[in-house]
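The same protein chain appears twice below, in two forms, each given on its own as structure tokens and labelled structure 1 and structure 2.
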Structure 1
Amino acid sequence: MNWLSDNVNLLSLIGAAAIIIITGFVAGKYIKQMKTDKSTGELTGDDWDGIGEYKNPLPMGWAIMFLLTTIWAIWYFLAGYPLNAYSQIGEYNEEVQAYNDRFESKWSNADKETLKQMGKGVFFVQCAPCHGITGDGINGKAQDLTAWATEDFIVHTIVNGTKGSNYPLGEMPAGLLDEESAKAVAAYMVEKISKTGQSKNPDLVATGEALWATCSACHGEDGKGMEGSAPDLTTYGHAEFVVEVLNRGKVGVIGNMPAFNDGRLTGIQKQAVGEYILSLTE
């Protein structure tokens, strides 16, 4: 590609040349005047170690050059380089978007095993630095993903609370229920809300249903989070819940997990990470 065919390069060169010429002209003019002209006029009255300041008007040449440079800058941003003009950055972004579209199309119907293997690679690059290669959280430095999405972890969350996901209804405080009551709610949630399988405490499901009111205040009777006011618990234990966490980010012990909604991961890749994380609890 001819580098002069890039409008950004061409306009930048014109602007640089103009600035150099203007600077040379103005500087030369006033350096010459400094050698020949004598200072005259009314002083302001301020004094800095014997050095005074005249009330002279702004030099006309300087003012004109400044005005012309300002006009050129406005033209450059509004007309000379419109938002839809060619740029190498724009071309790169278009190529990345085209690649991502092909990627999403190719893997749109991938099975869970394929997604799991894809997610494993993404996990090692994006998640393992904090959660560890095995996902165990590196001795409490980050969330232990090998225990996440299990019935026992639901009990742990109810008893100890959770924070850092920036939902409108705020953080879930600790101590909403005692451990026995939390076990009952976890049993009900596993079988009736998230429907992830058979609870290991099936005899507590009915009790958990009666206690669900403690949770429904924020998560709703159906557990769907009342239109984003709180986490949607119907997806808990599914890859979709992981995707939501990735999209929102989370406050952790060693720092904040960023929200992966800036294009670093495609939708399929997030789903794949979810499937892989779920496999860590198997």
Structure 2
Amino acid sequence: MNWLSDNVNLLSLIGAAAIIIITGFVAGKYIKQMKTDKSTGELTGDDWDGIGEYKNPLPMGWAIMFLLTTIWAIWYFLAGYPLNAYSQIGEYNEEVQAYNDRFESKWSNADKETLKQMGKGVFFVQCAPCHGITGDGINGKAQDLTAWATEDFIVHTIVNGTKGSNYPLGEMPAGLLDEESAKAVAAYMVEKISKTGQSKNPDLVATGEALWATCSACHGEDGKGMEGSAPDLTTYGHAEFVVEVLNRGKVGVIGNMPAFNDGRLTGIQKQAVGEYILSLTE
């Protein structure tokens, strides 16, 4: 009898038995009363086809409850509902506030691997509709993120120009440098400016440094973009740059990317998307 060891089962059974027994007694009592009882008491004098009505006073408990309910109803009518009505949006705001606080405290120190996994989830919902599930840009319908920020990609950007993310200094025209010079600048950028790793052409770094003057006109000597006039290239190839693009949106050569600054993504989620996109190039 394993199921009897469960307290709830046992209680339910006892309750069921009690109900059956009590029902039997009560039914028996009233059936007996119907057989033997004689009616006594004062009648109201109303007569409905031979059926009369006793003059019974209101039961005290019932009268008190009725009065209290009436008082409560008046309060609810005048003050309770109009002034303290339930607000779905109020509850939403509280819930979201509580959730965001928990989210913030739980993930504020998340490591890169955690952020990457979080970013993957966000990417599938918010980014994949244009950039594709694999991030490859679906045959040129959006930017191919699997190549983003690689050295070849930098060369391609320098040679073909880019419309940028609506910075004060405007778009970067195509053909500022030829392909060979662009390679050198890309090597310099990878090693010294954005510091994303080792260049494929380490011997070109010095040449790139000499050619950097072309870039520094807008991006500044240190590549920091002259305080927001142009993109900060020291963050290029890092999650911070992705966050910047998410915040500003992008008018690209392929199409427009809307800004994601309407509160749909938190700062941590944007950072996470950045980490995930970087992992796509690996």
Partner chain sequence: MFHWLEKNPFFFAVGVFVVIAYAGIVEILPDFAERARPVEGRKPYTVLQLAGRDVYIKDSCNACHSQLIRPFKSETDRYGMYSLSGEFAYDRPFLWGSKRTGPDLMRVGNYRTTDWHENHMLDPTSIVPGSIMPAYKHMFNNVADIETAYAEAYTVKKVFNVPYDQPDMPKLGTWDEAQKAVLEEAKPIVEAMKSQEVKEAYARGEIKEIVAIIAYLNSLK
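As the structure is a computational prediction, the values presented were derived from the model and not from experiment. Reference numbering: structure 1, starting with residue 1. Each form is matched to the other, and the largest set of C-alpha atoms that superpose within 1.5 Å is called the rigid core.
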Determine, for this pair of isolated chain forms, which one is the form predicted on its own. 1
Could you check whether the CA atom of residue 92 moves 2 Å or more between the two structures, using the rigid core for the fit? yes
Checking residue 44 here: with the core superposed, does its CA move 2 Å or more between the two structures? yes
Using a rigid core superposition, assess whether residue 228 undergoes a CA shift of 2 Å or more between the two structures. no
Core superposed first, then measure: what is the displacement of the CA of residue 62 between the two structures, in Å? 52.7
